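Below you will find one chain, with nothing else, as structure tokens; this is the form predicted alone, and questions on how it binds or moves follow later.
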């Protein structure tokens, strides 16, 4: 498993957003504080619930739009475990995941722990951007 240090300390969040070309609005900073509070994988609904523990409330649309913006700008990774379940991961370093289908939790896996062998050549006119391995597990 990977280390447990938060990917971005709270005092650096505003600068971290600006470095990625993101205007650090109050709502975006609240969402970033939730995402970067600790190493974790959260769904959009979980982010919404955590952000709205304090007033004023942030709309569902704002949370979804901000998560999409953060993912496009490389601030977080979008981890799609199935068509109806997406997690947001503040750890953007290369790594893989265990997904527990019983508990719905996602856990980091060090990339060195996974051996892929040779990858096929991508279709003409494309390049490989990355490889994401999701290992589905169940409680025994």
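Numbering follows the first chain given and starts at 1. In this text the structure is predicted, and so the values were computed from the model without any measurement.
Just so you know, the form predicted in complex with a further copy of the same chain exists too; it's not on screen, but the next bit is about it.
**Q** Looking in the predicted bound form, any heavy atom of residue 128 within 4.5 Å of a further copy of the same chain?
**A** Residue 128 belongs to the contact set for a further copy of the same chain.
**Q** State yes or no: in the predicted bound form, is some non-hydrogen atom of residue 134 no more than 4.5 angstroms from a non-hydrogen atom of a further copy of the same chain?
**A** Residue 134 belongs to the contact set for a further copy of the same chain.
**Q** Hey, in the predicted bound form, does residue 49 get a heavy atom within 4.5 angstroms of a further copy of the same chain?
**A** Contact with a further copy of the same chain, no.
**Q** Residue 121 versus a further copy of the same chain, in the predicted bound form: is there a non-hydrogen atom within 4.5 Å?
**A** Yes - in the predicted bound form, heavy atoms of residue 121 and a further copy of the same chain come within 4.5 Å of each other.
**Q** Give a yes or no on whether every one of 80, 112 and 115 sits within 4.5 angstroms of a further copy of the same chain in the predicted bound form by heavy atom.
**A** Affirmative, all three are within 4.5 Å.
**Q** Which one of these stretches, 62-70, 99-107, 49-57, 28-36, sits within 4.5 Å of a further copy of the same chain in the predicted bound form when only heavy atoms are counted?
**A** Among the candidates, contact is made by 99-107.
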